[in-house]
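Next comes just one chain, in structure tokens: the form predicted on its own.
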């Protein structure tokens, strides 16, 4: 009998992270999911058999504590979903403070890579997948949504940091995905968005399965279409 695949989902209390856990559980995966505040994890707990761990991705000590907690465990999928929209302005002159801009870039671009560096040794060799929740807005070749300039730049920075991280892996045949979930009806995407969480997360998990053992770094959407960097 084949053993269940294992996933570690970072940032799963609501929205796409919660949806990913739901889709993976339905597919028979064993899931460990992190939330910043376990007191606010009712929706996650309601999904049933999911192991919930506390993690604030921005806190280096918390990342270390989680790696101690999960030491020796091997994951078929590590999906880093944590991220923030940041201030709704284009430039610091538009009203964002230096602290807000720094926070946005740290949370969206630097912290995910910090975590990946800590856990990369626990992703299953050859068939494991490391996935980052990116966005088509991080594509430098598609200049739209200027009102989201800072958010876009933070996602472009995540893609760039991911690229640098991948080049440092050497000969490891790890498959790394920078994923665009589509424009989804979440707190961040709003009600006017194109698709629901279920459609997005079904597609995202399908891509994870499709890219198993392919190796390399791919920037794709939930339908498997390549996005230009």
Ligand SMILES: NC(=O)c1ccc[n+]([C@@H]2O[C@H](COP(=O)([O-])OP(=O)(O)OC[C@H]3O[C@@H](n4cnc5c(N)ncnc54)[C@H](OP(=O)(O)O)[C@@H]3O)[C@@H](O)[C@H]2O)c1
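Residue numbers count along the first chain shown, from 1. Model, not experiment: these values are computed from the prediction.
One more form of this protein exists, namely the form predicted together with this ligand; it is left out here, but the text below deals with it.
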Inset, instruction - With this ligand left out here, work out from 173-181, 65-73, 22-30, 44-52 which stretch has heavy atoms within 4.5 Å of it in the predicted bound form. - result: 173-181
Inset, instruction - Indicate whether the candidate residues 129, 207 and 219 are all in contact with this ligand in the predicted bound form, with contact defined as any heavy atom within 4.5 Å. - result: no
Inset, instruction - Classify residue 113 as contacting or not contacting this ligand in the predicted bound form by the rule of any non-hydrogen atom within 4.5 angstroms, answering yes or no. - result: no
Inset, instruction - With heavy atoms only and a cut-off of 4.5 Å, decide whether residue 166 touches this ligand in the predicted bound form. - result: no
Inset, instruction - Classify residue 133 as contacting or not contacting this ligand in the predicted bound form by the rule of any non-hydrogen atom within 4.5 angstroms, answering yes or no. - result: yes
Inset, instruction - Report whether the minimum heavy atom distance between residue 40 and this ligand in the predicted bound form is within 4.5 Å. - result: yes
Legend entry - Any residue of 43-63 that, in the predicted bound form, places a heavy atom within 4.5 Å of this ligand: 55, 56, 57, 58
